[in-house]
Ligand SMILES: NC(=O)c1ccc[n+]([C@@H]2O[C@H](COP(=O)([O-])OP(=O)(O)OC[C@H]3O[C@@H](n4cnc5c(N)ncnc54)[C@H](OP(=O)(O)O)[C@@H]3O)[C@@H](O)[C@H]2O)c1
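To begin, one chain is listed below as structure tokens, in the form predicted on its own.
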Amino acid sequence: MIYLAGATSFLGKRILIRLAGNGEKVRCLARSMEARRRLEEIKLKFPDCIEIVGGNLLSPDSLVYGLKDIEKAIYVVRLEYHGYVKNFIEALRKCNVKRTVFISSTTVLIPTDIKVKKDKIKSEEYIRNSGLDYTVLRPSMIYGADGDNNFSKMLKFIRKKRFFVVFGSGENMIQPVYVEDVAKAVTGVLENSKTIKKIYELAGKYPLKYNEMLKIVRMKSNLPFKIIKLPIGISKFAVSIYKQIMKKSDLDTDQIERMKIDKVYPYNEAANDFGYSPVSFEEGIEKEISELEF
């Protein structure tokens, strides 16, 4: 049986459906009543494959019952919460569960000194020193369906407003990865001993400029939206003022600064070790647009 922590997350849900759809038995951690409710909805489709157990990542002991008789575990909770990672590893050790896949991100590779990067790196250090038969996967920016924090929000904004703001020149390189490619990679490495004690970057088929990405979005969505470009300096100032007024905002000045960085990630080792072969952005965004019913 496979244990899945983070089963209700954007990526975790896709991993769960893929595993259950393949007939795998999956025991899911539900950390709240809302999480349990959402998992019960998925279980209706796969009643013989999904179990739901309680637990709290604040306490290793609360996880022990759910980890009994588990052979493999997948951890899809955000890795910047390194206290949770440490507790999860302790619980795995208590239950003698060795084989584990952890989801990190390519944030750990960007050349800026930000807290989330430091926290993820600290968690990866815990994992490397855990003694587990781990694999760490580092996806780039994930997209692919309603609920992602990237392109679904962009598409909904464009459909409603008919414009989109670009911070900077738009000449920076990006390499977003389709969510199903990441889910497939997780299930693929789980059964592949060659991937034990290794870390892999997962990105889209090829990198493209942000401006090129917007052209593809315009073509695939058939939405004639206007593109407004703001210099990085002005953008950071505007966002800082907006955050003071609104208090809650998805944007911060660090994110604006990172718009200058090229985010390109070779995935040769993943391709060689477990056949990783992602779709192109054109194909992935077309699938997302179809799911969003544009």
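Bear in mind that the values here come from a model prediction, so they are computed numbers and not experimental data. Counting begins at 1, following the sequence as shown.
Keep in mind the form predicted in complex with this ligand is missing from the figure; the text below concerns it.
- Proximity of 100, 135 and 263 to this ligand in the model of the complex is absent: no residue of the three has a non-hydrogen atom within 4.5 angstroms.
- For the residues 187, 130, 195, 105, the 4.5 Å heavy atom test against this ligand in the model of the complex is passed only by 105.
- This chain lacks the partner; the member of 234, 44, 58, 241 within 4.5 angstroms of this ligand in the model of the complex by a non-hydrogen atom is 58.
- Checking 76-84, 121-129, 164-172, 206-214 against this ligand in the model of the complex, the stretch whose residues place heavy atoms within 4.5 Å of it is 76-84.
- Among heavy atoms of residue 140, some come within 4.5 Å of this ligand in the model of the complex.
- Put simply, residue 201 is far from this ligand in the model of the complex: not one heavy atom of it is within 4.5 Å.
- At the 4.5 Å threshold, heavy atoms of residue 181 stay clear of this ligand in the model of the complex, well away from it.
- When contacts are judged by a 4.5 Å heavy atom cut-off, residue 268 does not count as touching this ligand in the model of the complex.
- Counting a residue when any of its non-hydrogen atoms is within 4.5 Å of this ligand in the model of the complex, the hits in 1-23 run 6, 7, 8, 9, 10, 11.
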